[in-house]
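Taking the form predicted alone, here's one chain by itself in C-alpha cells.
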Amino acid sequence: MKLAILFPTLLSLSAAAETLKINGSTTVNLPVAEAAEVLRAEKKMDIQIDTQGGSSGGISMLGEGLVQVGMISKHVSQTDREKFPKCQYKEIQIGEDAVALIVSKDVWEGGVKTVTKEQVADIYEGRIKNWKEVGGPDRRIVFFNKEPGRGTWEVFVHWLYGDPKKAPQVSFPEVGGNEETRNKVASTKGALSQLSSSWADGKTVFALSLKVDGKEIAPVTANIASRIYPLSRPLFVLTNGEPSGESKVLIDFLLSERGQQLVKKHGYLPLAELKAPETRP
C-alpha cells in the first residue's frame, strides 16, 4: 500500500522538475556556474550550463528556444534581434568587466607595458609585425585573435573600428574561451591577445595599459568602475522577456548580496561599485 502511494508521488515530482538550460560567455559563466552550484544544493534545482559559442552562442540558442538563459559579455545587436524576431531579448546586468590586451612574459619584461589605439590597429592589420617597433624586444608578434562573435572580440573591434562590421578580415590563429586564450599566450613567446581583464594574472600573462590622450590607463578596478578604461563592458544574463520560474530564481540570486559577492569573487565589479550601472530593455 505504501509503495502504491509513493510511486505516483515520485512520478509527479519528476514531472514537476524542469531543467534550467544556460549557455554563453565563458566570462559570465564563472559566477553563474557557482550560483548554480548553490541553487542545486539549496533548492534542488536541475541546471545545465554550457559555453559553446560564447556570447553569440548564448544569443542564438536563446533565440532558437534551446536554452532559457543566455550569458553575454556584449549587448544584443539589432542584427541579432532581427534574426530572432520572436525572441524578446531582455538584458539583465550582473556586473562589469573589461577587455585587456595581454602579452606573454617575455614581451612584458622586454619593456612593452603600454600601447596606443593606433599601434593596436597597425598590429591587427599587419603593418606592425615586430615588438621592437613599439619599444619591445626584437621578436615577431604572435597575435591570437578571439573568435569573431565572442563578446571579447566584439568589444575589441568596436573600440578599434566603431562597428564590428567594419573590422577587416585577418588571418591570425583563433582562440575561444578565456582559459584557452591565457594558456596560448602564456606558452608562446611574443604573444598578444584579447582577454577578460580578470584572467590576466600578472604572472604568466600581463595586461597592457592603453595610452589615451597622453595618459596611460590600465584595466584596474577604479578605471573599470568609472568607465575611464575604454574597453570596459557590462556582463549580462539574457532571457526571453521578463524572467520567470527557474530563470527568475537564478537571476534573483545573482542580483542578491550573495550573488554579487560571487561576481566580485571572480574578479568582476558588482553593480554596487559601478558609478552608473547599464540598463537596457
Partner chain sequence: MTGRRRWSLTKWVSGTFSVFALLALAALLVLFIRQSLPVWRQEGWGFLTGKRWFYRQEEFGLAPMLHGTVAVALVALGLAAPLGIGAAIFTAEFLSTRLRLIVKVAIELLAGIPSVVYGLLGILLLRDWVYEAMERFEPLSGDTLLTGGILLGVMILPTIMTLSDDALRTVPASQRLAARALGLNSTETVLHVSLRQALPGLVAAILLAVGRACGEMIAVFLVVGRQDNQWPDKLFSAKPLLEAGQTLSTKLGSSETNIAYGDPLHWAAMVALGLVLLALVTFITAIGVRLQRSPHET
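Residue numbers count along the first chain shown, from 1. Nothing here was measured: the structure is a model prediction, and the numbers come from that model.
The same protein has a further form, the form predicted in complex with its partner chain, not shown here; the description that follows concerns it.
Residues placing heavy atoms within 4.5 Å of its partner chain in the predicted bound form fall in a single listed stretch, namely 134 to 142, out of 95 to 103, 134 to 142, 113 to 121, 206 to 214. Although the partner is absent here, Thr79 sits far enough away that none of its heavy atoms falls within 4.5 Å of its partner chain in the predicted bound form. The closest non-hydrogen atom of Gly53 lies within 4.5 Å of its partner chain in the predicted bound form.
In the predicted bound form, at least one heavy atom of Ser171 sits within 4.5 Å of its partner chain. Taking non-hydrogen atoms only, Tyr89 never approaches its partner chain to within 4.5 angstroms in the predicted bound form. Among Asp252, Glu242, Glu64, Glu42, the residue placing a heavy atom within 4.5 Å of its partner chain in the predicted bound form is Glu64. For the marked spot (Gly149, Trp153 and Asn183), a heavy atom within 4.5 Å of its partner chain in the predicted bound form is present in each of the three residues. In the predicted bound form, Gly176, Glu180, Asn183, Lys184, Ser187, Thr188, Lys189 are the residues of 176 to 199 with at least one heavy atom within 4.5 Å of its partner chain, listed from first to last.
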